[in-house]
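What follows is one chain in structure tokens, specifically the form predicted alone.
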């Protein structure tokens, strides 16, 4: 974990974990779920769009984590019960991180994205960026970890992500990366690595990067883009973690009873679903009794799983906790 941090902070800024998702059947089932969501979006003209690509260049699923959990809590548990996701997230962000996800499918002849940095400061104009002091530009990259899970084999012609190694170290990069000379430099010096289904890429969000052009004729390049947020920052998406937790709990309770998931896998699945940080809350109704902070949603989920509480009682406890946190 400390080696990964050194890579993200002072090294090339990006790692690849080969065969991170060892069970290809879990990946294939998730792919089928995402394909169904995309087709529904096309039918209803919902979703889509991209921060850094032309409209129509790809298919995008916003808030894919919640949609994934709703569609199949069992697959979500096995997918995000992946220990590698938990290890790299804790390495960069520490405990109580928040997982959000956006699926991106770049279809044949899909154009490349513009090279960019990512959320938080990466989603602002140069004029807006200059309203934040220098130390915030240094701070922003440690509030988020970017990742991507390959849902198909990605040869170079399919356009796996382009990276500019070490570019995260350039402090002024948020302000300057959109300038023509920096875009030209990126085009001349970026690197690109083919990926296999189940491989995972994680990188510093300040690293200049872009989805590559899909010049293939028959590869629908799908990746689940993970944006993992520090407990001390604001995640990019609003996620109904109470609903997700209530859907996931009976799956994890059964997995615990059947010994079909390890304790580490269950912990990783909870971290990807439940709110791991107890704040913000309504301290009048939810005071820090017996400690420095109230109990988090994830802590409650761990506690009741250990006690093997029924799903019905868990739902009631989670609703009661949520009501205490509301104004």
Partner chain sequence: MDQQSIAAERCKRTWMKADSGDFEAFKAQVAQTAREEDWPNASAVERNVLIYDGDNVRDMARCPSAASN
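Numbering follows the first chain given and starts at 1. Here the structure is a predicted model, which is why all the values come from computation and not from measurement.
This next part talks about the form predicted together with the partner chain, which is not shown.
- Every member of the trio 132, 167 and 176 reaches the partner chain in the predicted bound form with some non-hydrogen atom inside 4.5 Å.
- Taking the partner from the other structure, the partner chain in the predicted bound form has a heavy atom within 4.5 Å of a heavy atom of residue 22.
- The partner chain is not drawn, but in the predicted bound form it has no heavy atom within 4.5 Å of residue 311.
- Although the partner is absent from this view, residue 208 contacts the partner chain in the predicted bound form, with a non-hydrogen atom inside 4.5 angstroms.
- Contact check for residue 16: a non-hydrogen atom falls within 4.5 Å of the partner chain in the predicted bound form.
- Shown without its partner, this chain lists 172, 257, 218, 109 as candidates; in the predicted bound form, only 172 has a non-hydrogen atom within 4.5 angstroms of the partner chain.
- Listed residues 114, 139, 84, 124 were compared with the partner chain in the predicted bound form; 84 is the one with a heavy atom within 4.5 Å.
- The stretch that touches the partner chain in the predicted bound form, counting heavy atoms within 4.5 Å, is 124-132, out of 124-132, 142-150, 209-217, 243-251.
- In the predicted bound form, the partner chain lies beyond 4.5 angstroms of every heavy atom of every residue of 222-240.
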